[in-house]
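Both blocks below hold the same protein chain, though in two forms, and each is given as structure tokens: structure 1 and structure 2.
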Structure 1
Amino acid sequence: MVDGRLNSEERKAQIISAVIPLFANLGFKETTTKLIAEKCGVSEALVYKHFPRKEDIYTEIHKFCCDKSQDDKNELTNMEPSTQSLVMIIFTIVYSIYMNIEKDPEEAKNFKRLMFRSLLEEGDFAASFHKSHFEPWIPKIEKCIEAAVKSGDINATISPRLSIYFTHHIAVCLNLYSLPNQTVVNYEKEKEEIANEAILFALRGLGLSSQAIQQYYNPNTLLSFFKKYK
């Protein structure tokens, strides 16, 4: 194999990244130790030297995925609580979850599969990922919603937290139904248009007035802004 000899840390990292697609596509049970060794280009014995049990690789993969997606959306933290920020955040949620801008599509798909598998198991990975990567944004979003209500851009009584999760769920479920190779749900639209409609649906769902949507939601502007900070 190309790799030659690696030190302990390097080898561990190599095994982890090589094996992610296996666990993502086959699940825990169907990923055999033989397949793992083959995919890594090393002997089974070596794998066992670094990870005494198959389960250790699985949990390590989850940790790796949690660390890795340390998103750099930090610029959102500095945003003023406003309707414009709220629109930007909704756009970001849908685009980063469903459109996977500037991520390797294969890598993104593997991550999603691992996430959905977790939800069919104990949900540990999903829970810790959510707590560390999504939950922290909620207070910020709530403030934006507050600001939008104050400025009269939102004229419905909504639960901010639930509304955010509904938006999140639409994006997640669009992913879920796009996982299989065949068409499960026929949306009859291109991916970009689906994302655009989803954002509009969510903005209306959040109670934004049509004037506010027209004023603050411009897909092209937001996209260029989004790309700039990614």
Structure 2
Amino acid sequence: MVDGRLNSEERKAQIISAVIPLFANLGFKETTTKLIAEKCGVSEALVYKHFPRKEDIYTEIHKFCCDKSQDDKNELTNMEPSTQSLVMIIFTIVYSIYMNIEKDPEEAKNFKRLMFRSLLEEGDFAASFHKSHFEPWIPKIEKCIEAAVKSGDINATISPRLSIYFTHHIAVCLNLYSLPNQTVVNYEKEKEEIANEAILFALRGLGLSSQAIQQYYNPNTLLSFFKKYK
């Protein structure tokens, strides 16, 4: 129910918060303005007053999800390119996508569903989120890979950009497979162990030597860093 005493911006924000589960569970096409109005406890006219088109609501949802995901980037993007920075960034990517640390469980589940529904439809939400949230990391990661190659920590790798995308996709797939209440695959490990194994798999796929992984990959230290900047 939308409080009639809210100002315009507060009301818009409350509408967005209320309709995210609709888009997450029904997708863009099946979520009508009538359903949105019913979910918010207002008239369709009031919905149109704040969002002239349904697409405008979807755009605001995207902005909302991106804003919620920006806080942990600055410290990492300001680090000097190095093998250590590369390991920290890969750790952060996997943990941010798969573990959802310090996020509301229902909010995290709704976001997963938004992404999945988008991929089942035209992919606009997923593509837009990927472009704004993940692609800005790529130049930094490429520089870190270059630094790791120069230091001898990476001996050989596939195309750096492809290896970065594959790392991202590993985390995304793990995330989607964990969407049901009962996970699709029985990995016979706790979620944190799965995350750590996925990170090690990604680091090896990037071409990091065993010595470099042993030197720079300390899950407890990295997790402390990750939580500090979440």
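Heads up, when I say rigid core I mean the largest set of C-alphas that superpose within 1.5 Å between the two forms. Please read all numbers here as calculations on a predicted model, not as lab measurements. Sequence positions of structure 1, starting at 1, serve as the residue numbers.
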| request: Identify which of the two structures, 1 or 2, is the form predicted in complex with another copy of the chain. | output: 1
| Threshold 2 Å Cα movement between structures 1 and 2 for residue 28, core superposed | yes
| message | When the rigid core is used for the superposition, does residue 44 move between structures 1 and 2 (threshold: C-alpha shift of 2 Å or more)? | response | yes
| With both forms fit on the core, is the shift of the CA atom of residue 197 between structures 1 and 2 2 Å or larger? | no
| field | Displacement in Å of the C-alpha of residue 182 between structures 1 and 2, rigid core kept as reference | value | 3.0
